[in-house]
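Encoded as structure tokens, the following chain is the form predicted alone, with no partner shown.
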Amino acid sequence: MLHKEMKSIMGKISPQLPREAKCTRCRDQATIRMTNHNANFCPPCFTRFVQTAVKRAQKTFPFSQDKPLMVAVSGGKDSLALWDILNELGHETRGLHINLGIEGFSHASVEAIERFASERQLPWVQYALKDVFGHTVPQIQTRTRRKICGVCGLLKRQLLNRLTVKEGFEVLAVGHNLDDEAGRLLGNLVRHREQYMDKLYPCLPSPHPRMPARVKPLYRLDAYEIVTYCQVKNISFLDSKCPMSRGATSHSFKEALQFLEEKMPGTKRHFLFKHLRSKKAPRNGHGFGTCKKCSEPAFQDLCSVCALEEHLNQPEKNKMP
């Protein structure tokens, strides 16, 4: 079942096609309307369209296509679609999941991943945030005044990097789609966060021997295209938002772009791609030192994970807002 937000997107972007509608590619009967591409597809041609979009994204990746890929998986549509596409394209992959310890939601996430991986006989590994950091996300929320989505995002980024290296992989693939990247771009522009602009690129090279390269093979595909792919391929994904994500500002920026997309199809794609064409591919980072506490890469004396841990361990009255 699709949640309310996704049902709205599907209904507004993909009206019912008449029975005589023909596939733009093979001229067979079409069942999928692609308004922002002015095209109709049958299921096989739509699958090929999605795979081609990922292949085009991979042309921006400055390494061999046969390099094994660690895939960050949450159980949602993006990560499972990404894993399926990479597998279909012949890549050697392994799934990596961080269990955040959110009652109900985390268990459902693991069930979705287990079901998907078992059906396709794909290997994956799970780490509990409680084990690798010492706190679950709900526990962190009770010990800080910071917005929990920002804290959770920071932890997932850093720990996914570390665990990818621990598992012996050099490249981490994440399921950021067109909506995610365009929404992040809009948010950074509105808030004048120039320092984050380079991180929007589809491939971020490894900035340190103990950090993997990070790639975004889905950046050319929007939410509608990905959920349609899941339906075509019978991928049963977790279709519910994190219960702790209420009030996340990223949702507001994506909703604003979706409003414009419904009025002017192709807006999101043009907005993001125009930005990417104006940017050069990021080079390997520099300036990293070593965290004095955990010996992981860090810009300051403490890495962001250890700094957060110290913040959480402060007495309540001394905590910064």
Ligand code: AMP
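Note that residue numbering begins at 1 and tracks the sequence as displayed. The structure displayed is predicted, hence computed values, not measured ones.
One more form of this protein should be noted, the form predicted together with this ligand, which is absent from this view; the next part is about it.
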item: Interface segment, criterion being heavy atoms within 4.5 Å of this ligand in the predicted complex, picked from 230-238, 91-99, 116-124, 188-196; value: 91-99
item: Partner proximity in the predicted complex: I140 to this ligand, non-hydrogen atom cutoff 4.5 Å; value: no
item: Touches this ligand in the predicted complex: T164 (any heavy atom, 4.5 Å); value: no
item: Contact test in the predicted complex: R146 vs this ligand, heavy atoms, 4.5 Å; value: no
item: Close approach of Q158 to this ligand in the predicted complex, 4.5 Å, heavy atom; value: no
item: Contact assignment for this ligand in the predicted complex, among A213, V174, A112, L86, heavy atom within 4.5 Å; value: V174
item: Interface residue in the predicted complex among L221, A182, A81, V73, criterion: non-hydrogen atom within 4.5 angstroms of this ligand; value: V73
